[in-house]
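Just one chain follows, in the form predicted on its own, and it is written as structure tokens.
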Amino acid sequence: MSDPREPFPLSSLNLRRLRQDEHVRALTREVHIQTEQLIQPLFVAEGIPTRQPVPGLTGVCQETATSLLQQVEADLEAGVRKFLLFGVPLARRERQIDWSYTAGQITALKRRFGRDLWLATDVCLCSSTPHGHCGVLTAEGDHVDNDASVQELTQAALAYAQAGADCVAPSDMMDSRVLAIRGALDRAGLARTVLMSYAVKFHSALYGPFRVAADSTPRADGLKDRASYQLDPARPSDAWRCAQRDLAEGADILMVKPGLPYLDLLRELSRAIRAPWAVYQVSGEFAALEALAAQGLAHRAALHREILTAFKRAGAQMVITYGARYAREWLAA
């Protein structure tokens, strides 16, 4: 008789037993995608006569104030209850920006749907400035004025929270904006407002369709792109410093953006920094997957399930994806 204390020889393992049918595969999965942890981006634009489809983003449009309410109603029926709102106002200013357009859409959504939805609102200047940058530019127009930008961002976050946003999400990558926003919210009696920081946001080539949706392509003569304030993909140490700082300054949720090219950092950060982590599957990522499916080169539902699983496996508790409104269908396929 063999000694039961001897280790089972690896050469004798039958690893396929737990893969042989759909039932045992479901029973033994370690990573699960839940629709409750998916967030659907929304775009609402002032001055457009009808909703405008966004190239590359299946089912995503720039909404009017009316169609926004209709789209959210449809999304709720599809099982989506968490949203990230981007407002695109008609008027643009360098400073002392008027945040009332987006604030008005927040109020309308919360008045119509109340606690049926959880509404985060993006906090940035790019859709509200004539130059399309995420902050106030210096007089020379060749750099972002960090302190002046933080002042504007703080006013935006305060206006959105007062309008009823459940969460404010600064995406600008200015230094110390989390500290300023958290302090302003607390002083205004809005301590319950969640602050989700785009803590680890890289200067990426994958934002193209989004910039159409948010009308936020940089247009300044002296500052052609956002490389001077978004993170350099080749400097992962910056990701650690930004995440640690934003958590210390009062962020409730930390985000990595984009998703797939930075799964290594999401994995490392989520293990080391014990905070809720979000990942943003950005517009270029989503559009690339949709293009594969449209060409018949991948099964659409299986492709999206696989990528969502990768985000969860890497440590994200929540995923911001343009496909949240299709997830119930994909997960059932």
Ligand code: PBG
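Please read all numbers here as calculations on a predicted model, not as lab measurements. One rule holds for the numbers: they count along the sequence shown, beginning at 1.
A second form of this protein, the form predicted together with the named molecule, is not displayed here; the remarks below concern that form.
- Task: Counting only non-hydrogen atoms, choose the one of 87-95, 156-164, 224-232, 241-249 that falls within 4.5 Å of the named molecule in the predicted complex.
- Result: Result for this chain: 224-232.
- Within 4.5 Å of the named molecule in the predicted complex: all of 182, 197 and 253, by heavy atom? None of them does, since no heavy atom lies within 4.5 Å of the partner.
- Item | Residue (of 137, 72, 150, 126) lying close to the named molecule in the predicted complex, criterion heavy atoms within 4.5 Å | None of the others qualify; the residue that does is 126.
- Of these, 39, 289, 282, 278, which has a heavy atom no more than 4.5 Å from the named molecule in the predicted complex? Comparing distances to the named molecule in the predicted complex, the residue within 4.5 Å is 282.
- Query: Is residue 177 a contact residue for the named molecule in the predicted complex, using a 4.5 Å heavy atom cut-off?
  - Reply: Residue 177: no, not in contact with the named molecule in the predicted complex.
- Message: If we define contact as a non-hydrogen atom of the residue within 4.5 angstroms of the partner, is residue 83 a contact of the named molecule in the predicted complex?
- Response: Residue 83 lies outside the contact set for the named molecule.
- Item | Exercise: residue 102 in contact with the named molecule in the predicted complex, heavy atom 4.5 Å | Taking the distances in the predicted complex, the answer for residue 102 is no, it never comes within 4.5 Å of the named molecule.
- Task: Decide whether residue 262 counts as a contact residue for the named molecule in the predicted complex under a heavy atom distance cut-off of 4.5 Å.
- Result: So residue 262 does not count as contacting the named molecule.
- Going by the named molecule in the predicted complex, which residues of 180-208 come within 4.5 Å of it through any heavy atom? The stretch touches the partner through 198, 201, 206, 207.
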